[in-house]
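In structure tokens, the next block holds one chain alone, the form predicted alone.
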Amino acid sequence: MSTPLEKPQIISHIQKSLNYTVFDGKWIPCSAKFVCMGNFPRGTGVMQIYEINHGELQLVKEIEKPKPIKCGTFGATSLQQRHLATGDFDGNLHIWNLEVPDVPVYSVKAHKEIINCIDGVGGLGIGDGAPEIVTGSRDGTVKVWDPRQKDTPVANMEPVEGESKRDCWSVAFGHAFNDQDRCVCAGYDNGDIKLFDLRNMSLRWEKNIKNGVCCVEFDRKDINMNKMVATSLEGKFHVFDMRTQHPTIGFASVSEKAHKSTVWQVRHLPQNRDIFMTTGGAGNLHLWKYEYPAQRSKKDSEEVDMGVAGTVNLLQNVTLSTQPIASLDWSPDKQGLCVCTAFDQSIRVLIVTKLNRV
């Protein structure tokens, strides 16, 4: 990384303005298409499918639904079906066949209030075991759904009686490296991060990072837990080394104050788990690389293993917008290609160069 030209560059390839507020954008696997989800000013939900064609965006399909759509994932579908699971403002979880989107192939009233976040695992060849979808909501609950089972969740993580309900802002699957093991991590508006073990149906670990947790993501869903990044209000993010859990201290972590505003999202590069992008409330993107320490664990005074955190290096940053960049999705098929959506009602397709050199 000696000269500036050697660094990865973040290039805005295509930008398109929309006539609705867009909350989420996801690549459709094995294609040059992506789907955007949001809400029209008249209060209805919208999904739009765009295709990249000779450097232009072509609208393939526009689908209007009764309720605004907050989030979506392809994580629990097969590469053949490519069904999109979405969460809406009314607490409904729907799974859509985008070829025939009139009626959902699966529908359940998942939560009492808005579904803020969604993640999937067990599809697309990522993660062993059953296909599952996790949803987090303003009603304080985190629920895990199996699309093959109607109406009832396979797991429901809710506050105990008398405990106040915290708004769940982010959920992520991880640790799905065999048929039995699987974890869900959830981030809440009061700074709580909770790690649920779905195999034992137990709370495995919790921590408070003092600021609302906007996004959590494991670097890989389908490996023995390695690292997890949590982003928060006021510009901080934390990288946890998830390999070694100390009985009292928990997981080792390193934190970085990158943005001057909220860090809305973190997304790890599918082709390299040590590179990740964070998106900011002031319309900026930061590209990071995590460097491991010489030794990832050490013994404490009582000879118990404890983790050692590494360091994060800023590779590149760029300001794209004046408004928060609310979602970002790396293309699983083409390294360095990503789509991001911002609250200036626009979508941008970006190209990040030289990622194979860092």
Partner chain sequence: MSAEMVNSLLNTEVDYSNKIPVEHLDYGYIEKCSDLRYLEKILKVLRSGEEGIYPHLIEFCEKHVEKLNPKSRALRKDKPPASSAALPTEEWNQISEELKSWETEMRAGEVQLKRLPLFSDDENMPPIRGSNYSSQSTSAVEVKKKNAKKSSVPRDYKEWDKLDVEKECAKVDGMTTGDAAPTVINRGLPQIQRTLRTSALTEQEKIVLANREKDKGNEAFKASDYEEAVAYYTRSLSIVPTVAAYNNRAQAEIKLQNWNRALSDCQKVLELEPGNAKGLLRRATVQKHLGNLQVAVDDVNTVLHIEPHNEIAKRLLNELNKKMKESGPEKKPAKGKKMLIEEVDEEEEQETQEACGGAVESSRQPRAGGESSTSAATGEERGDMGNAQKKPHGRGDSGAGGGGGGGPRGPRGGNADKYTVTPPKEERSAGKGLANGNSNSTTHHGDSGHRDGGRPWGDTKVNLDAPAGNLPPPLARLKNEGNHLFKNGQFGDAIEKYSQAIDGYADTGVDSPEDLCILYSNRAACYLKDGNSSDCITDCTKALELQPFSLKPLLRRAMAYESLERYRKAYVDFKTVLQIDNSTQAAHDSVNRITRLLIEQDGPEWRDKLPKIPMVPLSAQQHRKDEPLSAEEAQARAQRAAEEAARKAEARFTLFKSEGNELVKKGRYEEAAGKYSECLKLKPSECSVYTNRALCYVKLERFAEAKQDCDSALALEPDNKKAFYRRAMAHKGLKDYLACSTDLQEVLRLDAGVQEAERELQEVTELLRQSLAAASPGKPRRSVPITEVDDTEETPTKEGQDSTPEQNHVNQRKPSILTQPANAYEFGQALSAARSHDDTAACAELLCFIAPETLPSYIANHLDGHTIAFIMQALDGHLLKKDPGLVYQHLKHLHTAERFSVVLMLLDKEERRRMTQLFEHLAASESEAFSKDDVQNLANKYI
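Not measured: the values here are computed from a predicted model. Numbering follows the first chain given and starts at 1.
Only in words, not in the display: the form predicted together with the partner chain, which the text now covers.
- For the residues I209, V108, I114, V154, the 4.5 Å heavy atom test against the partner chain in the model of the complex is passed only by V154.
- In summary, among the residues V254, A258, L98, L233, the only one with a non-hydrogen atom within 4.5 Å of the partner chain in the model of the complex is A258.
- Although the partner is absent here, F177 lies within 4.5 Å of the partner chain in the model of the complex, judged by heavy atoms.
- Taking non-hydrogen atoms only, W288 approaches the partner chain to within 4.5 angstroms in the model of the complex.
- Although the partner is absent here, H54 lies within 4.5 Å of the partner chain in the model of the complex, judged by heavy atoms.
- A residue is said to contact a partner when one of its heavy atoms sits within 4.5 Å of a partner heavy atom; V160 meets this definition for the partner chain in the model of the complex.
- The chain is drawn here without the partner chain; in the model of the complex, the stretch among 67-75, 209-217, 128-136, 88-96 whose residues come within 4.5 Å of it by any heavy atom is 128-136.
- Along 202-232, a non-hydrogen atom within 4.5 Å of the partner chain in the model of the complex is carried by S202, L203, R204, E206, R220, D222, I223, N224, M225, in order along the sequence.
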